[in-house]
Structures are given as C-alpha cells and as structure tokens.
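Same chain, two forms, each on its own as structure tokens: structure 1, then structure 2.
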Structure 1
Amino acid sequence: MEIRDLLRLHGQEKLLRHYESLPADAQERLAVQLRAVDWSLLSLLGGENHTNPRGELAPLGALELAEIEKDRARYTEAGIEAIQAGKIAAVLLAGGQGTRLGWDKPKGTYNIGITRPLYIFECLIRNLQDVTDMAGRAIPLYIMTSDKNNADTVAFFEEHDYFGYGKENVRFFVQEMAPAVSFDGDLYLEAPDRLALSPNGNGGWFSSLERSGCLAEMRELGVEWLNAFAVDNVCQRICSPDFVGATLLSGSDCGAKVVSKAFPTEKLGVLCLEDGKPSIVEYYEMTDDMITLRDDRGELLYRFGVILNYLFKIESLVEISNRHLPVHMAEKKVPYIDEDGNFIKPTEPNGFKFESLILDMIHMMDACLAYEVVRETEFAPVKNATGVDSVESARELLKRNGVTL
C-alpha cells in the first residue's frame, strides 16, 4: 500500500505534512518505520482505565524461609547439578529506558560506587560469578537491549572486558520497539524522518530471543531453563542453585523469587492465583481487602511480592509463544517535533507508550513456585536517584552485605 494511503487508513494524515516535504531517502527511512507499526495498538486508546480485566483472585502460598532452610542443601545440590549439566542460562532484561533514575546512558552503566567505580552491570556479573565459581562452569548470559541502548551497552562491556565473565559467555539481543502516541492517538515523530519509538516492554523478551536466533543457539547447547532478571536489583542472586533446584524439584514450569511485603501498601506486584492459575496482581489493582486481610497466623493473605527474578522452563515458553500478552499503556514524556518541525522536550507526560510485561507470562504457566528470599540480602532495586528504591537505599544494602563502595 502507498504510504499516503496507509496513513489515511489509520487516521494519521497529520504525518503527511512532514512526509511530503522530505527528500526521497528520508521518506524511505520513515516509510520503513511506518510499515512496521503494529496499528492494532491504537485500538487500545480510549479503553477503560487502560487495565486488563481480572479473573477470580485467591492467595497463593510460598515456599517460606523456614522451610527452605530445612531443605536448602538438597535444593542447592539439585541446582548445581542442573547448572553443571548446562541446563540453565541467564537472561538480563536491560532494554528499559530507566527514565526515573535520570541517567541518560543504559542503567547498567551507572556507577553506584563511592570511593571506587562499581557499575550496576559489574554488580550483577559479580553475583553471577559467585554461582559459576561454585558450580565450576560458566552460565551463558543473554543480555536484552533496545535500539536505543544496544550500542552503548555492548561498548561498555567491551571497554570493561566483560568484567572477567568471558566474552564467549555473553550474547546481546535487541528487543522490539513500539510507537509513542499523543493522548489523542497521533503518532509522534522525534525527527522529520523518524518516529518516536520506545522499547515495547520487558514482556517481549522471549519472542525477541527467538527472533534473534539466540533461542535456537541455546537449545542446541542443551539449555532447558531461563533465569530472567531485571537490571536494577544490584543485590539479587542470579541462577541461585537453591532457587533453581527447588523449582526443578517442585515440578512447576516456573519459579519466582518473592519477598515478604514490608508493609501492606508496599508497591510490589503480588503473586497469587487467578482462576486457579498463578498470576501477578499489580499493587494498584489490589482491593482494600487484598491489601489488609490476614490469615490465622496474622500474616498478610497476599503477602509475597515479586522482585522480577523468574525461572522459566523453555518448553513452556515455546508452548505459549504464539499467545498474545496483554498490552499495557503508560503515560510518558515523549520528546517530539511539532507541526513546524521544532523539537520539544516536554516536562509533563504528553502521551502513551505501549508495553507488554514479563509478569503477565506467569499467568500462562501451569504452576509457579513462589520462593521466598531475604529482602535485606536480595532486594535492592535502583529505580530512582533518591528516596525509595534508589541509589541511596541500594548503597545502604550493598554496604550491609559487605560490598565496598
């Protein structure tokens, strides 16, 4: 279809003004981007509250710390065995924009050290090395980036010699992008020949892994399970043998590390059952009852929050790979060019980005083992520069865990 007709069909005639004034090569660049747009996303605009309807929710228990302690040696042994057999790979989700931190480079390149450089990526590699040292073999590490941060991320790892992890053990793959739109549903341009695109959320990780050829490669290597984790939790243990072993022994097709909520209204997604299947409910979706009800031990009924550290069986991920994840819309400050071609950097949200989320994959699994970890040793997310979940709070936790900053 002619690009003009495509734009008219989707009510995006405003873009024609820019398109028609462009030289042929720039028109071609923009046309390629426009043809790749998933126009079905625009039909979500105007939907109710941009949330997806929920089924019947019920609490889901976890394997709690006291029980884990009794069996930790057995879990660890099973995990080490799986790692040594090459069945486990790690997938670092690092395609996000980290806007809250206000660091315009990839979040993993942020230096959290005080008296010496200590980069977020370095913390994660060190944590993984604890396990590879214990198992006596490397764990393949796949790093998801986006078009916006791939070059900087790869260059950073090269510059730091992969922090001693071995370049041969690391692969990068790039996630997909989605258009950003105004509140009225108009696509934004960030340059006359370029759409304003954002990474399409961490839910696209598995399809991007497949499209990149990395999935085929890892299956050839005999990998059966993937530990997917976020870039910003500097204390998390990655591919922890006890967690891996417990999940494998449980017979579930996935495991999720969870922490006990610090207080009822803490902003954590909570692992529960939805229509009898595992599911994660975001803190803003919880009713007052879900937030406050307690069991006969006096513990919160919906007590276990996820920390974005999941172990998935590849076979199950392949089975669900043709199913669509729900798309979430988030308000966002989108830099754009206005009708006269002036570049505008908004100070307030001026539109939506579209994202799918890895947490929605949990509901597609048959069973999920909720595995409790100690928040003081494993949960130090760096979302903001100061305050809650910040550089400051993560530094405190790193220090308490004996890391020199």
Structure 2
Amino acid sequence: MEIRDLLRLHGQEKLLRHYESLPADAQERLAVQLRAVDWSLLSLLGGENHTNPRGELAPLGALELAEIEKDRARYTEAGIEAIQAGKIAAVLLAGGQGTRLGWDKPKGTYNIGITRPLYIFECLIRNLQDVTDMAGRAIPLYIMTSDKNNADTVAFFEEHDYFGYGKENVRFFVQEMAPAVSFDGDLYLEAPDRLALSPNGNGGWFSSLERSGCLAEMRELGVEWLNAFAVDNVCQRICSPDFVGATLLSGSDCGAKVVSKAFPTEKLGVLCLEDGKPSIVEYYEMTDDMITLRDDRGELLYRFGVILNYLFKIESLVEISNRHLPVHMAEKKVPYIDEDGNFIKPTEPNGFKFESLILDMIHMMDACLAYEVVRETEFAPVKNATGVDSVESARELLKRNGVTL
C-alpha cells in the first residue's frame, strides 16, 4: 500500500505535510517505520480509563529465608543439575540510558567504582560468573538493548572483552518500539523523517527476543528456562542455583525473587494474588489497609516486594504470547516536531506511549514461586545519583559484600 494511502486509511493525514516535503531517501526511512506500526494500538484510544481494571487482590506468601535454609542444599543441587544440562539461560533487560545518573550513555556502562573502574555491566557479569564457576559450564546470556543504545552497548562489551565471559556466550537483541501519539491520536514525529518511538515496556522483552531469532536459537541449544533481570541492581544474583532449583522443584511456571519491605510504604511492587492467580500490585495501587495489614505474627501481609529478577518456563511464555499481553497507555511528555518543523520539548504530558508490562506476564502464569532473598546481599538498585536507591547506597552495599571499589 502506498504510504499516502496508509496514512489516510488511519487518519494520519497531518503527517503528509512532512512526508511530501522530504527527499526520496528520507521518505523511504519514514516509510519503513510507518509500515512497521501496529495500527491496532490506536483502537485503544478514546476510553476514559487508560489502565486495565484490577481484579480481587489477596496476599501471597513466599518461600521465606528460614524455610529456604533448611532445603538450600537440595535446591542448589537441582539448580546445578539444570544449569549443567544447558536448560537455563539469562536475559538482561538493558535498553535504558543512565539519564537520571547524569550519564547519557547505556546505563550498564556507568562506572560505579571509586578507586578503580567498576561498571554496572561488569558487576552483573561477575555475579553470573560466580554461578558458571560453580557449575563448570557457561550460561548463555542474551542482552536486550534499544535502538538508542544498541551500538554503544555492543561496542562497550567489545572494548572490555566481555569482561572475560566469552563473546561466544553473549547475544544482543533490540527491543521492539511502539509509536507515541497525541491525546487526539495523531502520531508524533521526533524529526521530519522519523517517528517518535519508545520501547514497548518491560513486558515486551519476550516478543522482542522471539522476533530477533534468539528464541529459536535457545530451543536448538535445549534451553527450557529464562532468568530475566534488570540492569540496575548491581548486587543481584543471576541464575543462582538455589533459586533455579527451588522454582523447578515447586512445579511452578515461574519464580520471582522478592525481599521483605523495609517499611510499609516502601515503593516496591508486591507479589500478590489477583482473582486467585499470581500478580503484582504496584505501590501506588495499594490501599491504606493493604499497606498496613499484618498477620498473626505481626508481619505485613503484603510485604514481599519484587526486584525484577524472574525465572520463566519458556513453554509458558510461548503460550501466553499466543494469547497476547494487555497493552497499557501511559501519559508521557513526548518531544516532537510541530507542523512547521519546530522541535517542541513539552513540560507537561502531551500524549500516550504504549507499553506491555512484566506484571501481566506473571498474572498470566498458573503459579509463581515467591522466593525470598536477603536484601542486603541481593538488592542494590541504582536509580538515582544520590539518596535512596542510588549510586551512593549501592556502593555501600557493594562494600559490605566484599567488593573493592
């Protein structure tokens, strides 16, 4: 279909003004993006409620630290066996920039060291190497980047020789993008020949993995489980055998590492039940009762916060991907060019971005094992330059865990 007809079909005639004025090569660049747009997303516009309604929420317990300690040897043995059999792979979600840290490059390239260079990516690779050394076998590592940081991320790993992990054990794939639209449903341009696109949410990692061809490769390798984890937690353990073993032995579709909340109002999503199935309730969705409710031991009923470190069974991921994840519309500030070609950087939300969320992946599973870990040894998120969940706080925890900075 001609681009002009495509734009008219979907009510995007405003873009024709820019398209018609472009040279042929720029027209083709924009045409490639327009042909890739999932136009069904625009059907979500028009409703007053842009969030999917929640079902009936209830607390969900966890395999707690004391229980884990009793069976840690058994869990670890089962996990090592699965790793040695090649059934486990790791997926690092690393599509973001370090903007909030004052670092306009991939977040994983940020140097958290003090007396020596120590990069976020390096911390994660070292943590994974602890497991591969124990198991005596490399674990395939798939790194999800974005259009904006892929080249820099690949170059960084090349420059640092993959921190000794082995180039043959690492694959990169790029997260799919979704268009940003105005509140009236008009596609935004960030340049005359380029749509305003954004990553399709942290739930988009599996569809991106599948489309990249990496999933087919995993199946050829005999991989059955994926440990998906975020880039910004420098202390987290990846593919830890006890966690892997406990999840496999539980018979669950997935496992989630959790920490006990430090205080009731801590800004963590909490693993729970929703209409009888596993789910995650965000901290801003919780009522006062949910925040403060305690059990007969005096413990918070909703206390197990997720740290974005999950183990998923591939068969279950494929099954839910065939059913399609819900798509959420988030109000955002979207930089764009106006009809006269002027670049506008809004100070207030001016449109929607479309995102799928990992919490929906959890909710579509039949069962999820909540696996408690010690926050002082596994939870050091680097979200801010200073203060809570910052470079400063992460450095302190790294020091306590014996890491030389």
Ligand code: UTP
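Superpose the two forms; the largest set of C-alphas matching within 1.5 Å is the rigid core. It should be emphasised that the depicted structure is a prediction, and the values quoted were computed from it without experimental measurement. Sequence positions of structure 1, starting at 1, serve as the residue numbers.
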message: Can you tell which of the two structures I gave is the form predicted alone?
response: 2
message: Checking Ala330 here: with the core superposed, does its CA move 2 Å or more between structures 1 and 2?
response: yes
query: Hey, does Lys70 budge by 2 Å or more at the Cα between structures 1 and 2 once the core is superposed?
result: no
Core-aligned C-alpha movement of Gly213 between structures 1 and 2 reaching 2 Å: no
field: Per-residue C-alpha deviation between structures 1 and 2 [Leu15; rigid core superposition; Å]
entry: 4.1
